[in-house]
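Below you'll find only one chain, the form predicted on its own, shown as structure tokens.
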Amino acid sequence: MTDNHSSNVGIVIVSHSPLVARGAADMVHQMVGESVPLAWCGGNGAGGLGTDVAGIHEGIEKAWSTRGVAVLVDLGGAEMNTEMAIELLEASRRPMVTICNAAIVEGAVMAATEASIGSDLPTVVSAAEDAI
């Protein structure tokens, strides 16, 4: 388990396509640098389209921040698997992870921008969801 004491909310990008997830993460890095804990995961365990609960869980752990983690997902299956990944966390950590109802690329950029200035989790989630 990662114990990142970052002063910024973490961001996780989950897509059925590893290329989409990586591309969105690249945009976030170009916009905000390394100031925000960031992880991305995409594709299923066999390398095809889909999402993987274990991969999402690893992403949450990688981007973990004591300020919380905002997760952006592309389709319903990604949301369902993210919910299962959140259930794998310690009970005390689960409330610190929020799934954003946002466009994945625009939402990730806006969430990370907001996180980079030290905003709290509800504000970061709101920024992602308002980006639509």
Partner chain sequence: MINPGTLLQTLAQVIRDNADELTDLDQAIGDGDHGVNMRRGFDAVAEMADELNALDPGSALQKAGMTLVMKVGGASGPLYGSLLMTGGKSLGSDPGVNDMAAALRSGIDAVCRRGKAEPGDKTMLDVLLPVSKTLEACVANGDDPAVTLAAVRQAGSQGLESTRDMLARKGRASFLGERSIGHLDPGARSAQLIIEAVCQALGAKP
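Residue numbers count along the first chain shown, from 1. Given the structure is predicted, the values throughout are model-derived calculations rather than measurements.
Same protein, other form: the form predicted together with the partner chain, not shown, and the subject of what follows.
Checking 35, 66, 44, 101 against the partner chain in the predicted complex, a heavy atom within 4.5 Å turns up for just one residue: 44. Taking a 4.5 Å heavy atom cutoff to the partner chain in the predicted complex, the contact residue among 106, 58, 26, 83 is 83. Residue contact with the partner chain in the predicted complex: residue 77 places a heavy atom within 4.5 Å of it. The partner chain in the predicted complex comes within 4.5 Å of a heavy atom belonging to residue 53.
The partner chain is not drawn, but in the predicted complex it has no heavy atom within 4.5 Å of residue 31.
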